[in-house]
Structures are given as structure tokens and as C-alpha cells.
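Two forms, one chain: they're shown below as C-alpha cells, one block per form, named structure 1 and structure 2.
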Structure 1
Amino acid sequence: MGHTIRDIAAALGATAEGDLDLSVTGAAEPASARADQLALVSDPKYADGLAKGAAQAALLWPGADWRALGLRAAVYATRPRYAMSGLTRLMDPGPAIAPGIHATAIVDPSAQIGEGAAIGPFVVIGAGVRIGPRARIASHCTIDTDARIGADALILQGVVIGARCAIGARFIAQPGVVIGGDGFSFVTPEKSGVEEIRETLGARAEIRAQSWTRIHSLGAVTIGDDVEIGANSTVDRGTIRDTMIGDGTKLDNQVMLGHNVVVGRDCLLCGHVGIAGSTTIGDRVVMAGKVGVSDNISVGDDVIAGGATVILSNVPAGRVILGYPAMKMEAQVESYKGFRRLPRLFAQVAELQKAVSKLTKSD
């Protein structure tokens, strides 16, 4: 299905010039764009690629001369990358999930399926589950007892949602997501070696055999509206209270949230982020890839953590942090510069030692 340049501009709230009735069927990078595709040229440094491709129209940066670039039409956006969110939404057909309930799906008679919902092959929906209107559930998903899923949800292949989990509207779960597995919570009859080390930061009075006893997870998971969770990510249920994710928060692939974790609104947690149990994350927090967060601490609103940061203690609101252990980014950068200077410093000290030694011998 094609889209005219006029329709694209209207959908993006952008301006357009040239042949506004020109139709495109998709989008592409400039060097590989076909004649029926819209080239994405968000910056002048990508403009040379147009000559290698066959695009007749492009999404351009403000002020670009579309005629000089050999185009028949152009869409202008003040923030091209943001415009891409609307453009890709317009052109994304979404997964092919037939309306209604597939013949191979197993739906408990007590479950409530909203109007216009689509339930794919081999889906299992347990007792008391409520699925909102227009929700789409792809093949091989499991929705356990008394779970609730809001309107317009998109749950892709192989997702598992545990009992009593409550999920808001417009939820997106990529393949392999598991929500509501038991928390990783175990205890020993006597004080464990881990507890002792937490208190002493290294010393142990005695090393002895210990066995672990499960603390069962009685809570569930509560997720707000407009949340997205990436492929193979996991969110554990709470021990007594629910693990919680606020409205608008986005989790990348292979993110792990432990039991009782609370994540605020509009957070962005990138791939391989791991947050240990009973930690609270504020609103609008951004954690780059491989950030690790210790248990039972608090990270304030608007914190930004650089890649592979390890957070071991509370972080105040608004701080930008980096490193292991986490510190202010500017301090970490200065520390790293100092670390890189160490070989030269050692060489200088060695030369000074030789000079002092010679002076001492001459005396």
C-alpha cells in the first residue's frame, strides 16, 4: 500500500514540496532506496548516498535543496529523527494476527476477551483472565490465572504472563518476554555468609555449610500504560507487594527486573540492564546497556547512567553517573584520564629515582 508525499507530510505535521501526489511504498537509506521508497536523509552528511540510490523523494533536514539533490519531492521535518517515529508507525503493517480466536487456542470459559481482540495459534488463556479490546496476542503465548491486559496490547510470540499480573493499555511485549516469574529470594536458617560480608565488607568469622530455603512470591507484577518490553526480558513478581513499572517506560532486550522493584514513569532501560530486588527507580531515568543496580537502594528521578555503570548505593535525582562503582560522570572521566597517565607517571618516577640515586652516590 502506497502513501503520497502529501499524506506523509500531514501525518507527520511536516511541510512538503514538489510533487505531492508522488506515492511511496516504504522507506530506506539513501544509497539503497528504490524509486518507490522514501529516502531518509536526516543530515547533509548522508546526502551523497542519494546519487547511489534511485529515490525520487526524501525526508530531508530543514533548508535542504531538494531540486539540487535530484528529487521530485521532499518532506521537511524540524527534527528528522523524531519524524521517523511517525513515519515508521505509518508504514508498519504490524504482525499478521487474524481477528478472533484461533481454533488451536485454549481459552478458559471464565476468561473475558474484549471486542476486536485477536488470539493467535496455540495461545493458552487461563481462568479469570481479562483481555482488553483490540488486544493482539501472537502464537504460543500463555496468560495465566486472573491476569489483566489492557486495550490495544500487542503481545508477540512466546510471551508468558504470570498469574494476577495487571498490565495497562497499549502494552507491547516482544518475543520471549516473561512477566511474573518467581523472585530469586532465598534465606538460610542462620546468618548467611553473604549477610556477614555485607556487615563486615570482607571478614568472615567462620565458613560453614549452609543451605538455602525458598521465600515464595505472593505478589504479582503491575505495569502501567504505554509500556514496552524487549525480547527475552524478565520481570519477577514481588514477594508480598507487586513489582511495578510506571506509565511510558521502555525496556530493551534481555533486561531483568528483580522482585519488588519499582520503576517510575517514562524510564528507558537499555539491553542487559539488571536491577536487583527491592530497588526503587525514579521517573525518566535512563540506563545505558549493561548497567547493574544493587538491591534495596534508590535511584532518583532524571538520573542518567552511562554504559556498564554499576550502582551500589543511592543516587540523588538529576545526577549523571558512570563507572564501577558509579560516580559523577565528570569525576569518572577525570579518573580514567588519570589512569591512562599512570604508565607515563611511573616512567617519570623511575627516572627521578635514578637521578636521586646518582646524586646520592656522588655525595
Structure 2
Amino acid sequence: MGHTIRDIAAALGATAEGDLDLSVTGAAEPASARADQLALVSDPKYADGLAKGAAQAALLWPGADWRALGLRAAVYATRPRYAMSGLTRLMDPGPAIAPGIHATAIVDPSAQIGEGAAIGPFVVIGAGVRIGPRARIASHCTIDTDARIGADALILQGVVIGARCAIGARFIAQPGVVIGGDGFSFVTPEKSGVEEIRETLGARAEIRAQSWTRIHSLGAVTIGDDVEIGANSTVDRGTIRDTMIGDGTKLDNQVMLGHNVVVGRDCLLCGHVGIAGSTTIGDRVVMAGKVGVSDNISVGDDVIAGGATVILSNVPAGRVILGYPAMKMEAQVESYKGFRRLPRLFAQVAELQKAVSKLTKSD
């Protein structure tokens, strides 16, 4: 299925030059592009690759000379990274989920399936579930009692959406996502060792035997519009109120949100990020891979946390942080430089002690 250069430029709101009727069937890096593929050359430094590949057309940086690069046609994007979004959407064949309800799917008679929805093999849909129009659900998913899925959702293989969870429009769940597992909430009859050291910051009066009683999760999970969740990520239900994810927020693979967590809108949480129970994350927060956040704290709007940052206390809005425990990124970089030079500092102080001791004696 080809796309002409004219159509691609129109889809991207970009300009094009050369043979606008030339058709391409896909996109590729310059050096490996076939003659029927559009080469992606967002920066002059990648232009050399064109000579190694066979592309006749390319997405070029503004001002590039397509004739000098040996091409027959070119699309110009002012922000090539953003143009990738429209281009890949245009060329993505998407997952193969046949229209209609597969014969092997088990759909409770009380469930409402929206018009144009597609339900794959071995899917289980519980009582009272409502699935929005044009939603697509791949093989082996379970959508449990009274859950709601918005319009145009794409729910991939093996996803579990727990009872009473409510999800907005255009939701994307990669394979293996679990929404609405029970929260991890246990209590001891007497005050536990953990409760004690939270008050004392580490000191313990006495160690007692303790066994854990379960607090059941009566809440569910509420997810806004335009949310995407990566493969094998898990979002637990709330204890009394719902765990919440705001509009436009994206979670990467193997992310973990505990019970009662509230994540704002337009956040990006990268792979292996974990947010412990009852913590609140603001809007537009970006967390790099492996960031961890303690329970019962709050992270303000627009915070950016670098890779593997460990957040053990509240973070004010707008802060850029890094480290374990988290510090302002600039301060962390300075302290870390000192950490690297610590052995030398110890030597310098030892030398100073010797010199001062000598001076004191001679004094």
C-alpha cells in the first residue's frame, strides 16, 4: 500500500518538492532504504547514508538541496521529530484484530458492546461491562464486571481490566497490562515495626512478632482520555476512592502504580517507574526510567526526574531532580563530582592535619 509524496506532505502539513506523484511503501534509515522507501534524514549529519541506500525520496531538514542529494523528491519538515509522528501514523498497518466478536469470545449478555468494536479470540467480557464504539480488544483479554472502556480503545493481548474500572477514550494498553489488581495494603493489630521507624527514622524500641491482615481494595481505577500504558505495567485499585490517571498521560513498560495513587495529566512515566500507595503526581511530570517514589507524598506539576531518581519526600512544582535520594539536578551533579574526588579529599585533610599539628607544636 503506497503513499505519494504529495499525500505524505499533506498529512504532515509539510511542503514537498520534486516528483510529487512518486509513491513509497514505507520509511527507512537512509543507508538501508530501498527504492520504494522514504529515507528519514532529519539532520545533515545523516545525509551521507543516502549514497549507501537506494531511496529516491526523503524527509529532509529545512533548507536541504534534494537534487544535490541525488533524490527525485523530498518532504520538508520544520520540526522533523514532530513530523515522525504523522508519518509513522500514516504508515502503521496496526494490529490485526478482525472486525466483530470472535466466535470463541465469551461476552456476558448484560455487556454493551459499542458499534464497530472488535473483540478477539478467547476474550472474556463480564456482566455489566460497557465497551465504547470502535474499540479493539485483542486475544486473551479479560474485561471484568461493570468495567467501562471508552471509544476507539486499543487493548492488546492478555490485558486484564478489573471490575468497576472506568477508562476514557482512545486508551491504548500494550500486552500484559493489569489494571485493577488489589492494592498492597496490610495492617498489624498493634503498631508495626515499619510504623515505628517512620516516626523515629530508624530507631527501634523492641522487635515483636507481627503478622499481616489484609485491607481489601473497595475502590477501582479511573483513567482519563488519551492514556497509553506499556507492556506488563500494573495499576492497582484504590482502597476506598479510585486510583486515578489523568488525560493524556503515558506509562511505559513495567510501570507500577500503587493503590490510591493520583497521576495528573500529560505525564510521561518511563520503564520500571514505581509509585507507591497514596502518592500524588502533578500534571506534565516526566520521570525517566526506574524512578521510584515513596508512598503518601506529593510530586508537583512539571517536575522532571532523571534516570533512577529515588523520591522519598515531597517535591515542589517545576523542579528538575536526580539522585538517591533526589536532589536538584544541578546540586546532585556538583555533589557527585565531590563524591568522585573523596579519596583525594581525605588525603588532603590528613596532610593538613599533619601540617597543622607541626605548626601547633612549633607555635
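Given the structure is predicted, the values throughout are model-derived calculations rather than measurements. Every residue number counts along structure 1's sequence, beginning with 1. For clarity, a rigid core is taken as the largest C-alpha set superposing within 1.5 Å between two forms.
The first of the two standalone chains is derived from the form predicted alone. Once both forms are fitted on their rigid core, the CA atom of Ala10 lies less than 2 Å apart between structures 1 and 2.
Once the cores line up, the CA of Gln348 ends up 2 angstroms or more apart between structures 1 and 2. Core fit done between structures 1 and 2; CA of Ser357 shifted by 7.7 Å.
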